[in-house]
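What follows is one chain in structure tokens, specifically the form predicted alone.
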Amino acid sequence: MTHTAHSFNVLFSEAGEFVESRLQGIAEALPAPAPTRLRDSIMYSLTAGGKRLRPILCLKAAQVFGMGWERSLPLALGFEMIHTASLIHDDLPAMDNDVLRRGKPTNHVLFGESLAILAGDALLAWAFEYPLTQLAGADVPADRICEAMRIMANACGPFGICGGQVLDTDPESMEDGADFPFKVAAQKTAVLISACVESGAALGGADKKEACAFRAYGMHLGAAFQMVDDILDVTSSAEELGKTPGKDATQNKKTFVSLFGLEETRSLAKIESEKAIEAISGIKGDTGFFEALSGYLVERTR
């Protein structure tokens, strides 16, 4: 089943509003002994807006296999916590040294570096505690919870976003080959996007073949997403991006644009988008949202 641009936008907005409404009230779930300043720092970044792409992917993947949003929500919010933690750390002076995120001052600008580091660490831990606690009481089979959380954990560690950040920021880990941007994109961006859809599918009851199909979808989608990010870093303003543009060139990063140029990067993004759609072509459930999403992300302007 395919979706028109209008119907897709409506579906994406509905899911985004659902996630946003739950995030606004999630402060009540923070452990009571948490210091007020730590809670403030966490909630500042967690409720700062954004596309909410990752939790939407998780919700929608579980929905393909018949699981409603309320039941898969704890896992979806866990992914948004992980993503937010990675952004807090990515913006630090020791990393990308950015002062703007989603059109607002970055966490360390308002709360200081040490508190920003601790907020990111706390969010990463809470990303596991929260879904494990909530899902256990939501009548979700234990084997599905364990598999979904295993996928999530793998995306966070040395083979996931931490490894990707090393490739992206550590000069001694950078390589000269044309395949290097693909390696960075796979670990820095695609692995978490892929984990969102694969774990959502696993939580919803997908078999191993179906979960693997969603994993492949996410890896191709994530690669296309990073390619467009590289393009926007060159072509967009701070107002459009909500963050500082031109950082890649300033920091001499080896991006898709720096190696292949704008037009070739656009072509590569379309190829990855098409591969993403092909990866889930054998899924029996309604994957129209994911097909439309693949095209939407390639055409995005922020």
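Sequential numbering from 1, following the sequence displayed. Since this is a predicted model, take the numbers as computed values, not measurements.
Another form, the form predicted in complex with another copy of the chain, is not on view; read the next lines as being about it.
A.B. asks: Within 4.5 Å of another copy of the chain in the predicted complex: all of E113, A142 and A153, by heavy atom?
C.D. replies: All three within 4.5 Å in the predicted complex.
A.B. asks: Of the listed stretches (224 to 232, 195 to 203, 154 to 162, 211 to 219), which one has a non-hydrogen atom within 4.5 Å of another copy of the chain in the predicted complex?
C.D. replies: Every other range fails; the passing one is 154 to 162.
A.B. asks: To verify the annotation, which of these, C146, V99, A138, A178, has a non-hydrogen atom within 4.5 Å of another copy of the chain in the predicted complex?
C.D. replies: By the 4.5 Å heavy-atom cutoff, the listed residue in contact is C146.
A.B. asks: Contact with another copy of the chain in the predicted complex for L262, defined as at least one heavy atom pair within 4.5 Å: yes or no?
C.D. replies: Heavy-atom contact with another copy of the chain at 4.5 Å: absent for L262.
A.B. asks: Should A186 be counted as a contact of another copy of the chain in the predicted complex, where contact means heavy atoms within 4.5 Å?
C.D. replies: Contact check for A186: no, nothing within 4.5 Å of another copy of the chain in the predicted complex.
A.B. asks: Closest heavy atom of H83 to another copy of the chain in the predicted complex, within 4.5 Å or not?
C.D. replies: Outside the cut-off, so no.
A.B. asks: Taking heavy atoms and a 4.5 Å cut-off, does R37 contact another copy of the chain in the predicted complex?
C.D. replies: R37: yes, in contact with another copy of the chain in the predicted complex.
A.B. asks: Give, in sequence order, every residue of 97 to 129 that has a heavy atom within 4.5 Å of another copy of the chain in the predicted complex, or say none if there are no such residues.
C.D. replies: Going through 97 to 129 in order - heavy atoms within 4.5 Å of another copy of the chain in the predicted complex - the hits are E113, S114, L115, I117, L118, D121, A122, L124, A125, W126, F128, E129.
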